[in-house]
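A single chain, nothing else alongside it, follows as structure tokens in the form predicted alone.
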Amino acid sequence: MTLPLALSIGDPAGVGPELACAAWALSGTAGLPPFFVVGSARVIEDAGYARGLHVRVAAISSPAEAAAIFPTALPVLEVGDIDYTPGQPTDEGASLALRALETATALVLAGEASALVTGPIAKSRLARIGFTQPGQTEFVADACAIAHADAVMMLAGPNLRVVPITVHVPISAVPGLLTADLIRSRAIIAAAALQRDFSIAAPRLAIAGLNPHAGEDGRMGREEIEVIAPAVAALRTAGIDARGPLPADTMFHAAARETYDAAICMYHDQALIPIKVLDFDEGVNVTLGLPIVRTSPDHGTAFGIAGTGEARPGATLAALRMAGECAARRMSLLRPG
């Protein structure tokens, strides 16, 4: 790879700035590609000192400077400056986070950075300053001119990959939202991304049922028969190795995980509980279906422990590493021969 990754700072009062410093400090042993932070050099430097890391920070004016600087200093592309106060979110901090997200996304879309890694933000704070999208995923989808429904969330770790069909909705709403077309379209996007970004030539998808025991032939619900099974049949007709609907309570033990490359789950907790049990410190949120690579650590701002040194950098390291690997695979597909 010749282009660095762009890491947006996230909310400066959260753990994002200090974990960016920790990731740079561990970049050699962790095998990370060069990256630069979009945010505030002073916030990054102060966050590093608060964590006990004497990170040398170097302001850059262009992503093209980042790779040469990266071995000796953490490059930061300045988009604003505020006082660093860990654990105390402000509207000014939210504004900085939004400018960083906008700038980092634009740089990746312009081909000046190889992939986008987004630091954790506080959605409620962003809403206070006029941010109208539900979250960063939808913002990036809009920037890429991709429909929100086609920007698919996958949570990935060393032991498991999961794709929830429905996400932040009440559990009571899930049955009414599930359709065969929705399951089919998101599974197709997931299969294509596994091929392109993860080099899995023939992805195997395990499709979970909604009800206990996958409905037990209709005794515990009809969704498996009327919605999920037709979606699985359509996927198989399209040439995708899909199995299901499967009882979710037997899908995630070690032997079962060996039989598929990603689990397609019907609702948020069905997907996120197993991955957070198995890969809590290394989970990565990957947005599938975009023309760019976008990842994010699978955790929030953690205002309660920001500045204490307790935040663990594993998910940030994993998000940067995965972004670099996916970007490199996309580049390899573009090379002649």
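The model shown is predicted, which means the values in this text are computed figures rather than measured ones. The first residue of the sequence shown is number 1, and the count goes up from there.
There is also a form predicted in complex with another copy of the chain; it is not shown, and the following applies to it.
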Fill in the blank from the handout: Students should find that, of V108, A248, V162, A193, the residue having a non-hydrogen atom no more than 4.5 angstroms from another copy of the chain in the predicted bound form is A248
Completion exercise
Checked V169, L177, A238, I82 for heavy atoms within 4.5 Å of another copy of the chain in the predicted bound form; positive is V169
Handout entry: Partner contact for R128 in the predicted bound form: another copy of the chain, 4.5 angstroms, heavy atom
Key = no
Practice task
Answer for P89 alone: is it within 4.5 Å of another copy of the chain in the predicted bound form, judged on heavy atom distances?
Solution key: no
Practice task
Answer with yes or no whether F280 is in contact with another copy of the chain in the predicted bound form, where contact means some heavy atom within 4.5 Å.
Solution key: yes
Handout entry: Contact of P274 with another copy of the chain in the predicted bound form (heavy atom, 4.5 Å)
Key = yes
Practice task
Name the stretch, out of 74 to 82, 138 to 146, 215 to 223, 179 to 187, where some heavy atom lies within 4.5 Å of another copy of the chain in the predicted bound form.
Solution key: 215 to 223
Practice task
Decide yes or no: are L210, F252 and Y267 jointly within 4.5 Å of another copy of the chain in the predicted bound form, with each residue judged by its heavy atoms?
Solution key: yes
Exercise for the section: Between 82 to 101 and another copy of the chain in the predicted bound form, list the residues on our side with a heavy atom within 4.5 Å. Expected result: none
